[in-house]
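There is one chain below, alone, in structure tokens, taken in the form predicted alone.
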């Protein structure tokens, strides 16, 4: 079996925000993980856990407080020439959560999609530029007649397709999708996710898919990382995580997924996560440890021994 190639390496990433009087919010607090070329890594957790901040720091929208992000072995946050920075930004793109706020209402769809093409000089003539716009519209399931319209003329699902076309316009290798379906109707969500899966197959894309809908994350992801209060508490292959959750917080998250059977749902008991159950000693070192092959959990030495005994 061929060894997987690391596209993104995140090492002890921290993103702290000052809130005055010497206090800080530790939005991302020492997160370490890799993303392999061609895969989708899902990142889940409750609102405010730091998953979107992690995505924005990885792509360079925020300057990291500490730690390192490597893209193809090159540091994202190190000083670069304007040309190096421009090329890096072309290879890493983002699809935003709100398809209403992320598109400029004063620009036509053609200009929105072609903005990256213009910045990076990817079209030599106006004809080539429009040809590329038409191709992108068709790629995301729209048509060329949409090119001269404005964002307010489209539904939420169509706007998100425009956002996807804009991200694809510069031929990136890596796309961070920051809750790309949370603002859409349930009936439209599957269409957008299926489109993303299709594009990944056709173009060899790598995704970081950030969401709080665990059932949809399982559907699109190869591996899933679970975040809680700025820390990655568990990381495993999607099927393994759902079949065999280890961290108590992951168990609580999975128990919150509603079941389609109303009778079962009525009597089913939810798991409630209580952080105090860990009973850590003061100053005890928590580490991201491998319990079974490819299945990592943030735990103390004592918990590690217990998990190994239970799951190995």
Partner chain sequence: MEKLLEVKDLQVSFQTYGGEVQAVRGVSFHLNKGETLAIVGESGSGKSVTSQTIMRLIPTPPGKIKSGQIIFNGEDLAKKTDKEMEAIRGKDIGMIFQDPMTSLNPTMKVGHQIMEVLIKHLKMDKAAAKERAIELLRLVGIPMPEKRVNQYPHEFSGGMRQRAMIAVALASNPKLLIADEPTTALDVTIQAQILELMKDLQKKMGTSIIFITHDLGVVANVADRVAVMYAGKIVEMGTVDEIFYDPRHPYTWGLLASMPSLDSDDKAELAAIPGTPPDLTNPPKGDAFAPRNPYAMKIDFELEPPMFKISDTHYAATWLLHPDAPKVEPPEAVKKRLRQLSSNYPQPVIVKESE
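The model shown is predicted, which means the values in this text are computed figures rather than measured ones. Positions refer to the first chain, counted from 1.
Below, we refer to the form predicted together with its partner chain, which is not included among the displayed structures.
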item: Full three-residue contact with its partner chain in the predicted bound form, heavy atom 4.5 Å, for 185, 201 and 215; value: yes
item: Contact assignment for its partner chain in the predicted bound form, among 265, 68, 287, 274, heavy atom within 4.5 Å; value: 265
item: Answer option from 148, 104, 194, 72, heavy atom within 4.5 Å of its partner chain in the predicted bound form; value: 194
item: 4.5 Å heavy atom contact, residue 253 to its partner chain in the predicted bound form; value: yes
item: 4.5 Å heavy atom contact, residue 221 to its partner chain in the predicted bound form; value: yes
item: Residue 243: touches its partner chain in the predicted bound form, heavy atom cutoff 4.5 angstroms; value: yes
item: Any non-hydrogen atom of residue 259 within 4.5 angstroms of its partner chain in the predicted bound form; value: yes
item: Location of its partner chain contact in the predicted bound form, chosen stretch of 29-37, 279-287, 266-274, 56-64 [non-hydrogen atom, 4.5 Å]; value: 266-274
